[in-house]
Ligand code: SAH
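First comes one chain, alone, set out as structure tokens in the form predicted alone.
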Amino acid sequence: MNSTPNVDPAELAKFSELAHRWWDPESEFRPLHQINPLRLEWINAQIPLAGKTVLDIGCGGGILSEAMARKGADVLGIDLASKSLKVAQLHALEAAVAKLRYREVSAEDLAIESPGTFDVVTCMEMLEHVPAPSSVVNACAALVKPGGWVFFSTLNRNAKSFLFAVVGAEYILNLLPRGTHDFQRMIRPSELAAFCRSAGLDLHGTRGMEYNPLTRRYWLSDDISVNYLMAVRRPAINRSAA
């Protein structure tokens, strides 16, 4: 197993302190509840989830994991925040969600244990919270089956993103707790695309996510300057063998 897990203890503590509020739609996690249907439908439009094996990396309290399981996928959610996982497990039990399980394991360790296992891998709002995001991308590439899909969502790193996602969301609108995001850890789309190419994944599309503070409405667009999603695939054929 990985002797030096790719995790920031301060980040784990931050989310563990809020674990009991994951499923409160009016809590600090309200933005996740609001954007979840957008993320879910975008993923399902690329590859229908029914009948697919899905891994949700950095699943937290299970908001996306449960939604994908309700679409008919067989879902495994993984995280290293044990309190969040307990909340996720309890909520799934109470809601009687079928084909959904959780494990406390890192993406890197699971990639060693179960390579090429999943039709779909999701890693949402997680890369900007780890010390080595490229390591997670490499693990995603190892975990997905040939021909399978990987979906990321994260925050761009630029002046606009700092203004909107940090100053605006955390200090003015109070959409997120202060200190949720470290600007230096945000990832430009070009950087994430480079991580993916290095891991052998092919880029298939990006979408931006926008927010109107007056209407409190989120929507997907072509503007990837702040929040963005990226879809990539592992080639079905080994290029070196082709």
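Note that the coordinates shown come from a computational prediction; the quantities given were computed from them, not determined experimentally. So that there is no doubt, residue numbering starts at 1 and follows the sequence shown.
Just so you know, the form predicted in complex with S-adenosyl-L-homocysteine (SAH) exists too; it's not on screen, but the next bit is about it.
In the predicted bound form, S-adenosyl-L-homocysteine (SAH) stays beyond 4.5 Å of every heavy atom belonging to A199. S-adenosyl-L-homocysteine (SAH) is not drawn, but in the predicted bound form it has a heavy atom within 4.5 Å of R39. Although the partner is absent from this view, A67 stays clear of S-adenosyl-L-homocysteine (SAH) in the predicted bound form, with no non-hydrogen atom inside 4.5 angstroms. The shortest heavy atom separation between C59 and S-adenosyl-L-homocysteine (SAH) in the predicted bound form is within 4.5 Å. The stretch from 75 to 83, 109 to 117, 89 to 97, 137 to 145 that comes within 4.5 Å of S-adenosyl-L-homocysteine (SAH) in the predicted bound form, counting heavy atoms only, is 75 to 83. The candidate spot formed by F151, L155 and V226 lies out of contact with S-adenosyl-L-homocysteine (SAH) in the predicted bound form, as no residue has a heavy atom within 4.5 Å of it. Proximity to S-adenosyl-L-homocysteine (SAH) in the predicted bound form, defined as a heavy atom within 4.5 Å, holds among M186, M209, I63, I43 only for I63. Along 104 to 134, these residues reach a heavy atom to within 4.5 Å of S-adenosyl-L-homocysteine (SAH) in the predicted bound form: M124, E125, M126, H129, V130.
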